[in-house]
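Just one chain follows, in the form predicted alone, and it is written as structure tokens.
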């Protein structure tokens, strides 16, 4: 595997073992890949499927396009920005991260300097007083250039010196397209609250790194590593191998990136997602890209598939011949299921419904190999077999592994 040389390649993160992020920096990248390959091979040994060689990153540093810092004060009262220590809410002051986009890091450091200079009140979790809680920076590739969204998370609406803050930040970083104030006044570990106030730009950025223009809002899911996302989606497309007559169900679809990617080769794609903000972005993305063979439904994936299985069963009992086939086309019974569930995996009810529908081809994308292999065992009991398993190193220098697996009846 060839990849670009990076001067950080021999560096050990000075915060390793504290924040729980880059736990494998300092280990040669090829050794990291070999260790992950060995782990996946062992996990899949009982599946009857040989795992393909892990797809490593060409450049395994500074890949994160979503960067978050919590703001606090050190023992001397100085404003610091950084991450929570592993398994605690103690803040580790961090000035540089080997995994995060370099400019995003610099933007947050500039915000720390502005906050110090203008004596902004920093939120204290214990007393629940103060103003500035977190900063989130999201990065998009647009027309070959990086564009930035800055989300200032505060405990209250009143933003003293807001106009001057925006002016200073935009002057320092012209590539910032939008700045948003997010209000989070709850005692919670969640970064973002429910209310967003756009104070510069449109409140979203557009990413076209996958060949389509995808709208990214503050809370919408979008893959963290752009270069590896292309490899993952290309692998998923190859596993799905849709024909112009195939219908695809994109379950747990987020903003619809995978379904949009596959819509070029399918008759129709239906995306199902529980988060209404993500569905809003998905609909906007379809309109922006002029894709007419894709639709989105705001629903729990399990409930949607269970209801679809019930309707399909009723059709089998009530109709015959051409009427039955026409009705199933109306219901958009999928020929291919593409699923990308959260780390907890799918539910047994979801897997049962997929089997009841007789879906012949399933592409399961997973960010947690342990729940993936658990769900594969359930699919096998329903008559499915694993045909191919492709690991992708979406998060170099961490323990995480992404998988794309093809299952068929």
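Residue numbers count along the first chain shown, from 1. It should be emphasised that the depicted structure is a prediction, and the values quoted were computed from it without experimental measurement.
Missing here is the form predicted in complex with S-adenosyl-L-homocysteine (SAH); even so, the following discussion is about that form.
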TODO: Could you spot which one of 103, 141, 227, 275 gets a heavy atom to within 4.5 Å of S-adenosyl-L-homocysteine (SAH) in the model of the complex?
DONE: 275
- [ ] Just give me the single entry in 301, 205, 294, 151 that has a non-hydrogen atom within 4.5 angstroms of S-adenosyl-L-homocysteine (SAH) in the model of the complex.
- [x] 301
Open item on the list: Please tell me whether any heavy atom belonging to residue 221 falls inside 4.5 Å of a heavy atom of S-adenosyl-L-homocysteine (SAH), as the geometry stands in the model of the complex.
Closed with: yes
Open item on the list: Using a 4.5 angstroms cut-off on non-hydrogen atoms, would residue 137 count as touching S-adenosyl-L-homocysteine (SAH) in the model of the complex?
Closed with: no
TODO: Using the partner position in the model of the complex, report whether residue 253 sits within 4.5 Å of S-adenosyl-L-homocysteine (SAH), counting heavy atoms only.
DONE: yes
Open item on the list: Please tell me whether any heavy atom belonging to residue 257 falls inside 4.5 Å of a heavy atom of S-adenosyl-L-homocysteine (SAH), as the geometry stands in the model of the complex.
Closed with: yes
TODO: Could you tell me which stretch in 340-348, 354-362, 31-39, 44-52 has residues with non-hydrogen atoms within 4.5 Å of S-adenosyl-L-homocysteine (SAH) in the model of the complex?
DONE: 340-348
